[in-house]
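Before any questions on binding or motion, here is one chain by itself as structure tokens, the form predicted alone.
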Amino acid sequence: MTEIESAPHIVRDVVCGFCGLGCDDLTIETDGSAVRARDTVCPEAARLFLRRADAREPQCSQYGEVTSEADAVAAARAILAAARAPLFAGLGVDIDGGRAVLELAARFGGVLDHAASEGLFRNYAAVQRTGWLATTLAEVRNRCDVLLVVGEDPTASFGRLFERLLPASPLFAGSRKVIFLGEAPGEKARAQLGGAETVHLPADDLVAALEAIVGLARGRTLPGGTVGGVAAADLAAAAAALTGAAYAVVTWNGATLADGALIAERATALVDALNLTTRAGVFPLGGRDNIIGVNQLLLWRLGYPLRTAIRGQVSEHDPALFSTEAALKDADVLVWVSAFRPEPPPDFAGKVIAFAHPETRFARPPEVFIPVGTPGIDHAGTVYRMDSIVSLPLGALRVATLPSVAEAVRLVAGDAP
């Protein structure tokens, strides 16, 4: 009998769960177990949606030696049962996987933190001190006429950001202006911005320059010729554009800014000043690997966000003490969870249990490695967009040969004392 080769299958309007933008219009080509993104300008999607048909899925291992799933599960359970201070970190999972990890942490105790939480907590510092008025992706798309981008060109981390934020839309007939305070927009950003007017203010002190714009928006004058490396006249023009906008938005990526907490605070102050006479909002960037969804999950279940410890069925939150970096100093077991990307765990001298992407390369073999499938490729799941408003369904693109995080973690928790 002659074997008939099947043609590649095209799946349209696929949701991408890798960054917080939640793009839902990708075209994916599947051919058996092979998966690849087609015609996308996003390097993250192109890289992370790529699965080769000839790639062998790794098996469970202990100390780098192949073992059965049952033996790996039993070893992980024994390590957790003997642990004094486990840390559940990485947490790149869909909502169901997050639930399973939370249940495991509740059973054995431990600290919970996401690999991308630094930016989130820089923003939280501002929210805790002053509160803020945040906008959504839909409102930016449909209403924003002046956008202030603080820091680096965000398309380095969010490849299609301006395409998503400021598309050519029949719902928005007016002209748009984008002010870059800090790094100049790159070629990709300029291509996506199309006909929008762009202004670049190359600040060497973002906090000072943003503070000056806040003062100008409040009606003050600047005493010097430059502030933060930006000419006073240019800062005044930026402030005038923002105060004259129908809907101004300030955006930044706290994860890439050393002074992210101060930037978030100044951005909030600017929006407060603008809202006295017009409409404005902040749009903080972030959200990779479903950090927003996992954070929401902890808030629903524990009443606390990430960087929370569960000990003796009691939860305690401390954003400094329970960050991954700080918690590693006290932990004796690291449970590393990274299903969206092959991100290795941080250096750690204690025992490591990894529920990780099959292509993960470890600096040293973990005590237990259970390879898991990727949400949105190997199995269905749910993630949250960066603005915390929309939950997005991920679909399976191929027949899974690896368990989901939820399935693998629940095997470890199943017979625990």
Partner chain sequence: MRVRLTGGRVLDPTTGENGVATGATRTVEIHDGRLVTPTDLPAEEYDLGGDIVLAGGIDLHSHIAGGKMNLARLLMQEDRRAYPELPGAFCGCGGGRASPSAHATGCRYSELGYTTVFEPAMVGANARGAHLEMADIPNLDTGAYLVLGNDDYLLRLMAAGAQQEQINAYVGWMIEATQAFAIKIVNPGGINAFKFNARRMNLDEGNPHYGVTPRTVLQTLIRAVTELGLPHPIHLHGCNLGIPGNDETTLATILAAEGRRLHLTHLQFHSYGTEGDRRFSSSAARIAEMVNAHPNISVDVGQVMFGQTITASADYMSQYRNRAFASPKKSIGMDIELDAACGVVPFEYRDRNFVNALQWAIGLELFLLVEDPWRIFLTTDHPNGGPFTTYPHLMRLLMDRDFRNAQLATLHKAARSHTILESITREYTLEEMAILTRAAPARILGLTDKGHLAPGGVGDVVVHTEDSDREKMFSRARYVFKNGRLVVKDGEIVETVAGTTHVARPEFDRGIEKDMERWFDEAVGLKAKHFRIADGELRGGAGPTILTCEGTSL
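Being a predicted model, the structure only gives us computed values, none of them experimental. Residue numbers count along the first chain shown, from 1.
Separately, the form predicted together with its partner chain exists; it is not shown, and the next lines address it.
- Taking non-hydrogen atoms only, residue 49 never approaches its partner chain to within 4.5 angstroms in the predicted bound form.
- Using a 4.5 Å cutoff between non-hydrogen atoms, residue 344 does not count as a contact of its partner chain in the predicted bound form.
- In the predicted bound form, none of the heavy atoms of residue 400 sits within 4.5 Å of a heavy atom of its partner chain.
- Using a 4.5 Å cutoff between non-hydrogen atoms, residue 382 counts as a contact of its partner chain in the predicted bound form.
- Each of 127, 137 and 276 places at least one heavy atom within 4.5 Å of its partner chain in the predicted bound form.
- Only one of 315-323, 147-155, 179-187, 69-77 lies within 4.5 Å of its partner chain in the predicted bound form by heavy atoms, and it is 315-323.
- Residues of 361-376 placing a heavy atom within 4.5 Å of its partner chain in the predicted bound form: none.
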